[in-house]
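For reference, the chain that follows is the form predicted alone, supplied as structure tokens.
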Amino acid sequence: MAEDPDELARLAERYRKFAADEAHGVSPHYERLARSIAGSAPILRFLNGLPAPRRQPNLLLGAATLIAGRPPDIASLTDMVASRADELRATMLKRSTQTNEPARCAVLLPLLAALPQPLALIEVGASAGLCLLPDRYGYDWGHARLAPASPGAPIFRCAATGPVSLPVAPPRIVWRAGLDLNPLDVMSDEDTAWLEALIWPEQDDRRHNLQAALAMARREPPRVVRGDLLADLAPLMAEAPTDATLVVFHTAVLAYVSSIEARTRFVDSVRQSRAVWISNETPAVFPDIAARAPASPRGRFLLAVDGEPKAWTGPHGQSLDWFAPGD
């Protein structure tokens, strides 16, 4: 591929923006590294040789971590691009940023527990399906706690504010399934190593919680179906028991559906079904929903039910700032 100076400049700005908007205050290591990548011509040229959707920072950093067995610094990443470029490229072409953050269940649980029980769950973009198990984890919202239902399950800490009704018991889930273009298998050491590689260097609590959630999930692996959210969601919804409240939910998934038309078709298909639709995405994914929410705090997701905004949430489930009127 011919070198395009404008494209290299755009890539450098993308990594500077990642450092400032996503890594700053969250991962000092990745903030420094992303800024260094933005100034590294060899790494930018390597990225420019990949298809555009495969140039994202989290994918590069996760792939390099997987190969090296530890988060890289700029020296080791530069060496990897020079000496192991084929391996790094193959990993970035094979893998996707399928961060399966089970702690996001802490922001979903108040919504799930408030619905008519029992529930049938479908997660779109389910990865390994760890967010399909919200009834098995424990939760600590600061002024309310819920003990885990499964032995050894992690307890997720989530700072909850506002007039949110926090559950005293987990929801009753009688059926669950996930949908993903490339499902990950909780029984696969290779797939679970990839999930761990996607966790940022300083986030030891997230890593320990992921390991505990995976150990629990291996005792009864969640079902995740390979398929596309436009072509394969309706048949999966048809499998759900009709005497349960059907819930279709997703977190940090629709941003990867770049076509606004495709997003609209997905939303229409869910809204025209019997399902309750729960979305937890960056505000840019559904600007019409974000326009009806209070001003967005930096780096938060917008939690909504059937298109009605309810709360701002931490991207890894670490906070729930409820602004919708209480019940």
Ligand SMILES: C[S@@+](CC[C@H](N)C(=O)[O-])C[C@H]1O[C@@H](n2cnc3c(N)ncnc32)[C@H](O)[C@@H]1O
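All residue numbers are counted from 1 along the displayed sequence. For clarity, every value in this text was computed on a predicted model and none was experimentally measured.
The form predicted together with the ligand exists for this protein as well; it is not shown, and the discussion that follows is about that form.
Participant: Which pick from 213, 106, 131, 121 sits with a heavy atom within 4.5 Å of the ligand in the predicted bound form?
Facilitator: Going through each option in turn, the one that passes is 131.
Participant: Taking the ligand in the predicted bound form as the reference, which of 182, 188, 83, 242 has a non-hydrogen atom within 4.5 Å?
Facilitator: By the 4.5 Å heavy-atom cutoff, the listed residue in contact is 182.
Participant: Although the ligand is absent from this view, report whether residue 205 comes within 4.5 Å of it in the predicted bound form, heavy atoms only.
Facilitator: Heavy-atom contact with the ligand at 4.5 Å: absent for residue 205.
Participant: Using a 4.5 angstroms cut-off on non-hydrogen atoms, would residue 161 count as touching the ligand in the predicted bound form?
Facilitator: Outside the cut-off, so no.
Participant: Could you tell me if residue 221 has a non-hydrogen atom within 4.5 Å of the ligand in the predicted bound form?
Facilitator: Residue 221 lies outside the contact set for the ligand.
Participant: Check residue 101 for me: does it contact the ligand in the predicted bound form (non-hydrogen atoms, 4.5 angstroms)?
Facilitator: Yes, contact at 4.5 Å.
Participant: Quick one: which of 113 to 121, 225 to 233, 85 to 93, 150 to 158 gets within 4.5 Å of the ligand in the predicted bound form, going by heavy atoms?
Facilitator: Of the options, only 225 to 233 has residues within 4.5 Å of the partner.
Participant: Which residues, if any, of 119 to 137 lie within 4.5 Å of the ligand in the predicted bound form when only heavy atoms count?
Facilitator: Going through 119 to 137 in order - heavy atoms within 4.5 Å of the ligand in the predicted bound form - the hits are 123, 125, 126, 127, 131.
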